[in-house]
Ligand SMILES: Cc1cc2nc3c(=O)[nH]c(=O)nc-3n(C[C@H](O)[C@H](O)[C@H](O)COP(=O)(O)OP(=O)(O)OC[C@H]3O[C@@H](n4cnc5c(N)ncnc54)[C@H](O)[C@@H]3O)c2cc1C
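Quick heads-up: it's one chain on its own, the form predicted on its own, in structure tokens.
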Amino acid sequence: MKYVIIGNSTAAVGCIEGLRQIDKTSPIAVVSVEKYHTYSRPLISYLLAGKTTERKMKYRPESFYKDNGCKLIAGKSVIKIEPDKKAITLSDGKSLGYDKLLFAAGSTPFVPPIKGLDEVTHKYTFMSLDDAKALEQAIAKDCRVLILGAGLIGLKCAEGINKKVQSVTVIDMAQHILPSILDAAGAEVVKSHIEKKGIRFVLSDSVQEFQGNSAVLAIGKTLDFDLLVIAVGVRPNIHLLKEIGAKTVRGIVTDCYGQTSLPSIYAAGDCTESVDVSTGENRVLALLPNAYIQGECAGIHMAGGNKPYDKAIPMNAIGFFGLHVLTAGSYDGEEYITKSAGVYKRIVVKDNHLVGFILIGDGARAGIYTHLIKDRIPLDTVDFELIKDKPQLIAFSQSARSKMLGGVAR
């Protein structure tokens, strides 16, 4: 059996470790467009801030590929997949054959078609280690930085460079920051915290045109800058599979084992769609924990095992200047909100199930809420009045607690 993995990030690592749970010896080739050992992508902002190093960013030990019998082909892209021949062609013209293929090519930053953007000299995206290195080289103490996008990527970039530049302004057409994961009230708590660090926000507005190093806004004002960071979202890399007939929507469609609509070809990670169990809807869940689990399940199935990927939910655990933010699931339902200085909590219930939460400033025991959502535990089987205010195991039955703690239910 020959395995080939396209991609070298979280889903690929999950696949390798899934494969080796079943198949200890068959060769694995990992093709990566990046030239690096697998690394933790969320840490690139901490690299910029000087809080970590490239060595510490490695997602697995230096010996990972050797230990798992993998051949890493780094710095090469895949330009063609031929499912009939079970072969891929690399950018250097070489071919690789496979028996089972995992496509884990991730996503690409979206660059909006704004008039004059092509003429902006110093513009960057912020998604990869190379992006962080390029930005590090470009910024200076007297640099005014404009960031397009107040989502996770834009705000982490702002945090990473804040102390190294003169000013950071973040602009977004949304009414509040982090619109994909927070409600307005929660976003205001985080925004207030970030503003205290000197970062300025321009919300409910957009750039209509760039005139050199000036951004002309929809409301007519002009923002001058020295360096532009584009962080308005990402697009799943689906074109290679789409052009050979794989079923795609926004992302690549897979079953609960990561198998695509094409024989012997699997997909995992940010380029795929998953069933969000908190809503029952298919959607792209471009999140690190989901990518790993999906990759692991795919690897196990590729090697002949059986572990379904069937508990995916949108989840985020992130911090901004020391303020921790945890979110999960859907916000469609009956809500319970508590607020205090620097702390915001919203939990959402629907049809006798916890379906989502936002925890800002206090994420203690959030895993209990995540467990309730993922495992679709009916709330009338737990002491919800107790758990609503303070998540704790005592709210569960004795048998449920035993299972959660790894024991045998009685």
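Residues carry their position along the shown sequence, with the first being 1. Source: prediction; values computed, not measured.
Quick note: we don't show the form predicted in complex with the ligand, though the next part is all about it.
Note on contacts: among Gly251, Pro314, Gly151, Gly106, the single residue with a heavy atom within 4.5 Å of the ligand in the predicted bound form is Gly106.
Interface residue among Val31, Ile28, Ile358, Leu47 relative to the ligand in the predicted bound form, by the heavy atom within 4.5 Å criterion: Val31. The shortest heavy atom separation between Gly299 and the ligand in the predicted bound form exceeds 4.5 Å. A residue is said to contact a partner when one of its heavy atoms sits within 4.5 Å of a partner heavy atom; Thr260 fails this definition for the ligand in the predicted bound form, lying far away.
When the ligand is considered in the predicted bound form, Pro83 lies well away from it, no heavy atom lying within 4.5 Å. Contact annotation: Ala328 falls outside 4.5 Å of the ligand in the predicted bound form, judged by heavy atom distances.
Across the options 315-323, 140-148, 301-309, 213-221, residues that bring heavy atoms within 4.5 Å of the ligand in the predicted bound form belong to 315-323. Residues Lys76, Ser77, Val78, Ala104 are the ones in 70-104 with at least one heavy atom within 4.5 Å of the ligand in the predicted bound form, listed in sequence order.
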